[in-house]
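This document starts with two versions of one protein chain, written out as structure tokens and named structure 1 and structure 2.
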Structure 1
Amino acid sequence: MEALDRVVKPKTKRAKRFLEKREPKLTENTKNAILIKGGNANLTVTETLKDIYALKKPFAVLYKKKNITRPFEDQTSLEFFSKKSDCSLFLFGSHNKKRPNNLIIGRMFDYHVLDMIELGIEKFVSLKDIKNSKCPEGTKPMLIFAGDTFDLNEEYRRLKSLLIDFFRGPTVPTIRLAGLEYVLHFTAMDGKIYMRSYKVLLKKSGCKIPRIELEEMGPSLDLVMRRTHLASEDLYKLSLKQPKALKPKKKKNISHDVFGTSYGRIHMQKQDLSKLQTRKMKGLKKRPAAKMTEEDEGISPKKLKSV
């Protein structure tokens, strides 16, 4: 049995808090990512990992030492690092003659590789090369995907889901306009994926809504898809399964139409309309003929007050 698979009992309060953070929860923590250099990573791959780490901080761990591993042939090293660092996302960079400037992006399910896609870097512009102001650390990005390929091709559809998982950041209950500071734009066209990063500038427009301008911030990547390792449909559906406690309870007698309008059904007892109090009007008073009919039927009329 491996050291990380053993049941460890905490001996201190700090160790107990550490293990409690790793326990399964109904609402999971923000996904962290590990960025690993291969045994023969060149300058381009190293700078790419550093720039993506700058975008992901503080939800990322950068391994500075080189690790000789081949994820498509042996995944045990990645699974070990994932469990050790408590990270469900990974980005592995390597370089060789057959596959130059190589990136492998993937995610874990139960500390086992779920999806893994290999991308080749054809063009790279780093954060340092673009002399513009940068966004502060921990800023949540806006993600834009352009191109029909992301919806038509299964591999590109998984890549889109993987990129959303990788860059989405923490879940927030509310959004502030000034907090929308930068955009990550992915375009799929002619068999390539173009990644661009822009800073959002809010300018005066003379009205309440500001005028928006985009300023390139970096990094900029031109990528091409290479090998893929995708999970089967059954395993993919299992990874998306939510616990019953998180599923919203169905409310009775409430329905919704296509526009999202809610309709409620109310159940009431049968009303006796004869006892319904109506407004007293002179025109609704009973005539003498009606009173005589009531006397014949045995209904005693209302006694008149003596003056």
Structure 2
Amino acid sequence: MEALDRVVKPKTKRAKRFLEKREPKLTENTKNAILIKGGNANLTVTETLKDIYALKKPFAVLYKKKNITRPFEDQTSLEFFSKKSDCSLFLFGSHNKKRPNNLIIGRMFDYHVLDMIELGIEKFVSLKDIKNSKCPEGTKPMLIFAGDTFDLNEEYRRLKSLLIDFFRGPTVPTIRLAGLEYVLHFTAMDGKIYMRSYKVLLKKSGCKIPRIELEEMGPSLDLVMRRTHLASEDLYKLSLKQPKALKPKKKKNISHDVFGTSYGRIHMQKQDLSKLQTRKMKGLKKRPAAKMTEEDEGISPKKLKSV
């Protein structure tokens, strides 16, 4: 949209590249996140934002100054920030008497708020509080969601989708197996969401698959859901739309069965049954008289040869 309506033309190549980077693309770049501190943010909230920034690092921007805004009342400033730093995920932290230790996690579509869910922090253990070895920056986490609550209602389903979107990092074609060293585990039970991050230790098990041991790494959060703002059904559907060019082309006449064997279907020309060579019999042989008449009629020499 923006690219086409670019009324003001970029003056330099660099500015043009900059704008092109922000245009809608067929295969999108990794979503970036902005972490915003609200007007009142206590230590817990600030530390949480910092820790999540540490987890997200190459794909996040941390706003260090206060921003007096209330996303559930006015989204315009969030939209402005999103456009400014080209981020489509946000995490907003604030603290007040009515909603202590408040986090708002959300995502944007086309620089407008799609979903946003307010979470209260009940308990927080920082990355620094746990004296353990940490995983390197920019590690792609393994994400695990446990609990049937995540499929219970639309809000939890969206929350799950939002958390996956927020933490999944870049999509990669290959991954180094020894580099799987960090798990984010979300458990929903008793009306709370427990977010835990663990460092993975791969132990020898005697077979091909290693035995897993986990070590708490931090940050760990106990969250409760507060207000929600979910996108309408049709807008959400619009945002899920995939470009036709990216869909794999269907190959015709090839099918697979459950065992993975592929079958091909071949289309043959219709067989000319008149040219079928049947059993040769003396009685059916053409007599010289018949041959002569056929020759007179002017039959192709090829056919004559076969007779």
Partner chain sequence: MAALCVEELLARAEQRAAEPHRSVAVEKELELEFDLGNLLALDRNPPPSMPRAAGAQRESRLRSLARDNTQLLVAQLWGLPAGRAEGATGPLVAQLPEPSYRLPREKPLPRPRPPTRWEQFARLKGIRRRKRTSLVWDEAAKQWRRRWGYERAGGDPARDWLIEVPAGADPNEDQFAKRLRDKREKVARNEFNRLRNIARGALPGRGLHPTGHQSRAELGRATQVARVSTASLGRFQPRLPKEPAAPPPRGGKKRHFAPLLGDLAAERSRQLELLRGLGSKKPPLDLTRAVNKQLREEDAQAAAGKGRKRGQRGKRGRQRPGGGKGPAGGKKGGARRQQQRPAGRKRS
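Quick caveat, the model's predicted, so the values are computed rather than measured. Numbering for residues begins at 1 and runs along the sequence of structure 1. Only the largest set of C-alpha atoms that superpose within 1.5 Å between the two forms is called the rigid core.
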Number assigned to the form predicted in complex with its partner chain in this pair:
2
For Ala245, does the CA position differ by 2 Å or more between structure 1 and structure 2 when the superposition is done on the rigid core?
no
Using a superposition on the rigid core, decide whether the Cα position of Thr30 changes by 2 angstroms or more between structure 1 and structure 2.
no
Note yes or no: does the Cα of Lys64 move by 2 Å or more between structure 1 and structure 2 after the core is superposed?
no
Once both forms are fitted on the core, what is the Cα shift for Ser255 between structure 1 and structure 2 in Å?
2.5
Taking the rigid core as fixed, quantify in angstrom how much the C-alpha of Asp272 shifts between structure 1 and structure 2.
8.9
